[in-house]
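Listed next as structure tokens: two forms of one protein chain, kept apart as structure 1 and structure 2.
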Structure 1
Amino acid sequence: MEDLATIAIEAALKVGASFADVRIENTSTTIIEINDGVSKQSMASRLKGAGIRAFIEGAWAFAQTTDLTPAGMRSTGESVAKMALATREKVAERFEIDGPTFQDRFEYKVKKPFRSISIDEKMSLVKMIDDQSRDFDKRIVSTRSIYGDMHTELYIANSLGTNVYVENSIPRIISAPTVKDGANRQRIVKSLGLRGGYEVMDADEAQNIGNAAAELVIELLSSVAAKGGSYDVVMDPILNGVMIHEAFGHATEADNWPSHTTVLEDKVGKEVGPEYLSITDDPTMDGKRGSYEYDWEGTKTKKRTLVKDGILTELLHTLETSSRLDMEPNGAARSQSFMHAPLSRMSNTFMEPGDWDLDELVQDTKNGILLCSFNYGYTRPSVGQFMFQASHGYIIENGEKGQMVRDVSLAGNILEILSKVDAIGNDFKLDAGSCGKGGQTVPTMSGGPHARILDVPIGGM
């Protein structure tokens, strides 16, 4: 792979590029989906190809090829450099790309590699989970259970001298039952996703995910739609993570600075929240779905302290943004696959724990709502607006957890929301997610402790 990368880089430089990089990927995935006891999707894929970028004086070009021969790599290297040269006349800002170089080979060791497990065994696991949720209660009318695994081998090289080989391995299991009682129909999605081999599926949480989803969806039968209005909201760790990810994390992606598309543009080194609030993005955590050693530009990654004691201290960088903003690179460039150019992205993002007990937090909330888990969320960092939806929750009246509610939406403003966080719990949990940006999806985790936000608008029916 090293030879092929060198051929492409040299071809690009010869045409006139000042910087070039190459990602050569070989990824295998398996997806097994069972609905109501029958196979719905039994799928295998192989992604094999190279993505090549060339750069000159502020102009980028990107192309991909699946022709992994010396001739194919040379011709793609040349054509991408020509594209960059043609673009150069039209760019407004001139800058150069620089950064530290790395040479390494990282083999990710797991106890049970996916390829060592038979399809039959994976199939039986999904069947077991599917049966589990259906057998839980006869009101469960439809079950959907999905297993997915993805193993990636990635080689990254650039013209500065970086050449890095990395591996990754991420499994996921999902249970999504639907329950019906008279005209009342409810559904829920529960998932577990970590970094590791098939051994992740041996853990109790994975083995019982069908039961856990079924239990929750039955409970949802007694839920009501929330009444709209402003509430004091206690978020569970999963929803807190979604809030941190949507309402803040995206706005710290450093590619927003050159494009002037974040409301945090003038806030670096300034206060963005209360002094007891810190937010971290950490790809170095062991066994987490958003973890990796080197990013997709080959930069060694590290823990990023986005907010320290209420101050915005660090951003998520690619080589371009660290070069242009003259800040320290921290390895946050990620791509969905070789078919995409790297963007600055989050990894495992969370609020640092505080000192409140969960019980105290609920008791201290006079009239509010405890919101749990999530359906989805999105944000527009350029306007500062975000929205996310809890899958369920409980009304809090006089410090006591009461009526269950479902699908609770919460909207707000990035610059206002953190200052409304008034109490942070002492617990901690991360939840698996997939984050979309610019048409690319990457595996992430987000979470934190329970935390309370005061006076936020919640949508009602």
Structure 2
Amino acid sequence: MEDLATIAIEAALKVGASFADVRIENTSTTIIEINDGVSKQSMASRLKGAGIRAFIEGAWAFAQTTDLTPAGMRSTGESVAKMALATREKVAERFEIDGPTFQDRFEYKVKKPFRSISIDEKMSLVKMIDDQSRDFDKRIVSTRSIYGDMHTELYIANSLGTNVYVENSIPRIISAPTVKDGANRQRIVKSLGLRGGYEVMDADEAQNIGNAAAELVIELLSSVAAKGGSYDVVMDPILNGVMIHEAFGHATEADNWPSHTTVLEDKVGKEVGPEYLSITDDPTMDGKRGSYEYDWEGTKTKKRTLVKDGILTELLHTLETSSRLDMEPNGAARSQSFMHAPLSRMSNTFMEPGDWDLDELVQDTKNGILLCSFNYGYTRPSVGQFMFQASHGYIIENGEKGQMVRDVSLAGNILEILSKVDAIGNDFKLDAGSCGKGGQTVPTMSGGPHARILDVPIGGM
């Protein structure tokens, strides 16, 4: 792979590019889905090819190829450089690409490689999870159970001198039952996704996720529609993580700065929340779905402290954004595959824990609502607006958790909402996700502790 990358880079430089990089990928994927006890899909696939970029004076060009031969790589390198040269007169800002170089080989070790597990064994797991939900209660009228795994080998090289080989391995299991009792129809989704091999599926949480999802969806039958109004809101770790990831984290992706599309544009080094608030994006965490050692530009990753003691201190950078903004690169360039150019992306994003016990947090809340998990929502990072519907919640009256509620949403401006965070729990949990941006999806995790926001308008029935 090193020889092929060198051929493409040298070809691009010879044509006239000032910077070039190559990503050569070999990814194997399995997806198994069972709906209502019937196999919906069973698919094993492989994605193999190279993505090549060329740059000159602010102009980028990108191409992909599955022709991993010397001739194919040379031809693609030449073509992509010619495209960059053809567009350089049209760029709005001229700049150069610079950054550190790395040489490394990282082989990710797992206990049970996916290839060592038969498709029949994986199918049996999904069937067991689906049966758990279907057999839990006769009111469960529909089930959807999904298993997926992905193993990636990636080689990255650029004209600065970086040469990096990395591996990654991520499995996931999902259970989504639907319950119906008369006109009352509810649905819930539970998932487990970590970094590792098939051994992740041996954990109790994975082995019993169908039961856990079924138990929660049955509980939802006893819920009532929430009444809209102003509440002190306690967010659980999942909803907290969704808010931090979607409403705040996307706004810290540094490609928003040149395009002026973030509510945080003038906030670097300034206060964005109370002094006890810290927010982190950390791809170095062990065993997490959003973790990786080097990004898709070959930059070594590090823990990114986005907010420290209420101050916005760091952004999520690619080589382009760190070069243009004169900041340190921090390994946040990610791609869905070799078929896409890297973008500034999150990894494992969360609010740092505080010092409140959960029981103390609830007991200290007199007129409030505990909101849990997530159904859907929208965000506008350019202005900081967001809306999220929780999957369920619980009324808090005089410090006691009471009636379960549904159809309840949290909305507002992220900077106003963060300023109202007055208590942060000492617990911590991350939830698996897949983040979309620019037509690309990458594996992530988000979460944190329970946290309370004062006097928030809540949408209900």
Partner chain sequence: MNDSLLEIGEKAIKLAEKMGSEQAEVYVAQSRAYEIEAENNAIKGASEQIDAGIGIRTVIGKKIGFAYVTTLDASDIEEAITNSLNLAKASFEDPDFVTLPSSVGSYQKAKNIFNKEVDELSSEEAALLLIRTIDATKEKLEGKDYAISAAIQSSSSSSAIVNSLGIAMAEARTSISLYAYPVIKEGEDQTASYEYQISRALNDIDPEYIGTKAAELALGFLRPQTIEGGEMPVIFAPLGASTILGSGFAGAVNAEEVQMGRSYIADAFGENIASEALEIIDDGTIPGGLGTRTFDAEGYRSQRTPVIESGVLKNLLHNSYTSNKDKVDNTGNAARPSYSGLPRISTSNFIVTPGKGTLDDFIAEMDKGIVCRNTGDRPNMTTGELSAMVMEGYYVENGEIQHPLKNTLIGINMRDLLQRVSQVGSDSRKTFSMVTPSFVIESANVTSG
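Here, rigid core means the biggest group of C-alpha atoms that superpose within 1.5 Å across both forms. Not measured: the values here are computed from a predicted model. Numbers given to residues start at 1 and step along the sequence of structure 1.
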Legend entry - Structure corresponding to the form predicted together with its partner chain: 1
Inset, instruction - Establish whether a shift of 2 Å or more occurs at the C-alpha of Tyr376 between structures 1 and 2, with the two forms superposed on the rigid core. - result: yes
